[in-house]
Each structure stands twice: as structure tokens, then as C-alpha cells.
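Next comes just one chain, in C-alpha cells: the form predicted on its own.
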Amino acid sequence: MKQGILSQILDYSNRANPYPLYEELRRTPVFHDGEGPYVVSTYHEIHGLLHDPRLSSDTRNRGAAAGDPLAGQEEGEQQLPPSFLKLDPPEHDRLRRMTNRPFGPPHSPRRIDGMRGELGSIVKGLIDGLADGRSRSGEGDGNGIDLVDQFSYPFPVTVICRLLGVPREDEARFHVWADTLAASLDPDPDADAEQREKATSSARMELGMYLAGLIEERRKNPGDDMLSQLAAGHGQGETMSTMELLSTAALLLIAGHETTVNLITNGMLTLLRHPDVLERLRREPQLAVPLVEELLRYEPPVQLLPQRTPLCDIEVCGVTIPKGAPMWLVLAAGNRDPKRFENPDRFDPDRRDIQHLGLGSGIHSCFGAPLARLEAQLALSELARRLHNPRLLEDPPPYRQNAVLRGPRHLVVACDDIRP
């Protein structure tokens, strides 16, 4: 194992294809180079740790993270209390339980499926916009459509706005805040760090003030949206404070947005590289369901979880990981572990038993998984149906700097026509 394997994984020059590095990493299932994080990269070990109550998601339980290159990456969120994503039971369970009541089963079983028609309308409108843009520019192969800026980015933000109950006239403001906060997760070595931090802080404050006002309005005049139900609470001991509500709403916005953007964009890139599967999806839209599951294995939107800490000394594959040590669980490496998946580097939407790690597992499995899956299924099947002869204009495309939330920053394609 090379000493610099973690540096190579974080190196932008390897962003387009980190999988050979993950293969190298799996040769040492628990890698530690003397300082920094303990890195776990094999499927069965990651899956077991995601279900292990001895592992904490609360960084306050972490000791000195000397040498951890991802330590302190989210310090800018200190204005709000930690979201349940970064808490352990029982606080995690209380907040997640309250958030889940208006979001999905068993209390709101039709919340997501009931949005299917609205999601389809949003997708249709965005693709219509692509067609209008082509008509105005008369573009051919020399230009192209940026599926990230024109589709993958605006789609999830609009969905989150509708879910939370943001008034339509305020959605444009929400998009600006979401874009600024998303940019803060993607370090830009060429940007002015001070200006960037100023813009991020301003967006975070404006969003917080807006949401606080919306929460108070929903407490007085509740609707059938998710924010109204969260603000209403559910009996004694089951009410979120305003700060907890703000933290939860921010989590839904950022986590829900980033995961879905990457899932859709990685999905289209993979389909464009596998034109036979793309054509099959156009003819068989029902293929979208297993296809998205294979995408979550093959090109997961979240590559690794860098915030795990043992609450006591634990042993994994013969290696003792001490209490308080930083740990990384490399989901994308586990998803291509040949000890778990046959021909793991092959994209196969007919693959059976796709028990992937793409949305995590255990108590911290992706809260928005049902929504992300439905968004990706509708988006990819409709893009496949309506884009006639789509093709990449740049492969590999330029990627985002972020090694954790991995996906193309732009995905420029040309097509002969956009079907109605």
C-alpha cells in the first residue's frame, strides 16, 4: 500500500475515476498510516460498522484528528445545532422520528408517492426549457446543453421547496441560497476564500431568517406541507424547538439536494457511456427502478462517510481501532468489493441482489432515500425518452472538487432533437 493513498483519493486529478485507488485500498481492509483516519473499504466490514452501536456519528466524541484531511470541513454550520445526521441515540432517534412522521411510512405513507405527478410536471417543465433554449440558440454540436446547470441542479431544489411548503413566489430566492450553500461544499482553489466565506455566511443567515419566519407563519396558519406538520409537533415531548426545526430544514435542503444532483448526473453520464442501456430505458421506462439501484452501487453520490468515531476500542479485521479515533467508511469501495458483487466494475441494471451501500445503512441510512429514488427514476426515464440521440461533448466531464459528494460539475451534451 502506498503511503499516499488517501492523498491520491482526495487529489482532484483522480476524481474522474477513483475506482482503481479503491481497489488498491481494499487490499488493506482497515488502512491506517500511523496518523489520521482509520479507513475501512470492504463491503461486509462497512455494513457491519454501519449497524454497530459502538460507532458514533457525533464528532464531539472524536479525539484529536491529527492528520485527518477532512477534519473540520463543516465548521461553518456552527450557527445551528447539529442535525440528527450528526447525533447518536437517543437524540438522533427523537429528531429523526419526528421528522419521519410527516415524511413517510407509517404515519404519512403517501407523502412521496403522492408527489409523483408534481415531480413529473417539474421534470417536464425543465426539459421543455432545454428545448426552448435550443430553439432560441439554434445550437448544434458546437454548443450543447449543460444537464447539471439546466436540469440536475434546479430539479431537487424545486422539489424540496414544494415538500417544505415554500410559496412559489419565493422559490427563486431559495434557489439562489441553495446554489451558494452547495458551492460552499465544493472547495475552489482559485476562488477568493474570504469572499466565498462571506457569501456563504450571508446565504446561511438569509435562509435561516426566512425559514424562521416561515415556521412562525406555519405555526399560526398550518397547511398540509411538511414544515407545517413539523412545526405542529406531536404531543408531549415530541416538539422540535425552532432551532431544531431550522437545523432539520437545512439538512433536508442541503443533503436532499446534493445527493440527488449527483445521483441524476452520475446516472446520465453512465447511461451516455452505455448507449444500449439508454436506448433500452427509452423503450422500457420501468427499467428505471432496478437501474437506479445499480447506479447507487456503481456510481454512488456519496463516496465515503468521514464522520465516524468508536465509543470504545473496537477490532475490525484484526486491527484495533482506538476509542475516539477518526474513521472513514468508503462506501464506493465497498460497493465494488468482488467478495460481495460479481464483476463489480460492470454496470448491469439486471444485476440481482443489489444490496448496495449507496444510501448508507443502519440508523443513519439516507433519510430522503424514497424521494431521491423517485426523483432519479422519473428524471432519467424522461431524459432517455425525450433526448433524441444524446451524446457527450466532453468525456470525462469536469468534476466537482469535493471527494465525498462526487459528481460532474458540468455535463454538456448534444442531441439531434428534444421530443415532445
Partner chain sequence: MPESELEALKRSGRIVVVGASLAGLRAAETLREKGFKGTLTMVGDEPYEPYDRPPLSKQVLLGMARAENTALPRRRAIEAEWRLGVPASGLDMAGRRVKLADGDEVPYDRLLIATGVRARPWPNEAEGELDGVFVLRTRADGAGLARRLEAGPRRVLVIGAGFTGSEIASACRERGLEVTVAERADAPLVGALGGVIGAVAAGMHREHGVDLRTGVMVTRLEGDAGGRVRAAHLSDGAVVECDVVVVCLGAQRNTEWLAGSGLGAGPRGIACDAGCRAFGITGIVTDDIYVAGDVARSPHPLFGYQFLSLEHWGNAVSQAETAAHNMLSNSAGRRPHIWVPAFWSSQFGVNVKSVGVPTMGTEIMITQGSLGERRFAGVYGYQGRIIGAVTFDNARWLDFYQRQIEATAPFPPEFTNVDRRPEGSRPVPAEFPDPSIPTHGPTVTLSGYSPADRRMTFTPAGN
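Positions refer to the first chain, counted from 1. Quick caveat: nothing in here was measured; it's all calculated off a predicted structure.
Omitted from view is the form predicted together with its partner chain, to which the following refers.
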Consider the chain as shown here, without its partner, and state which of 362, 370, 69, 63 has a heavy atom within 4.5 Å of its partner chain in the model of the complex.
-> 362
From 89, 338, 129, 275: within 4.5 Å of its partner chain in the model of the complex by heavy atoms is 89
Can residue 52 be called a contact residue for its partner chain in the model of the complex at 4.5 Å between heavy atoms?
-> yes
Just to confirm, residue 186 within 4.5 Å of its partner chain in the model of the complex by heavy atoms?
-> no
Within a 4.5 Å heavy atom cut-off, is residue 28 in contact with its partner chain in the model of the complex?
-> no
Is there a non-hydrogen atom of residue 107 within 4.5 angstroms of a non-hydrogen atom of its partner chain in the model of the complex?
-> no
Verify the flagged residues 56, 97 and 311 against its partner chain in the model of the complex: is each one within 4.5 Å by a non-hydrogen atom?
-> yes
Counting only non-hydrogen atoms, which stretch in 375 to 383, 28 to 36, 390 to 398, 44 to 52 is within 4.5 Å of its partner chain in the model of the complex?
-> 44 to 52
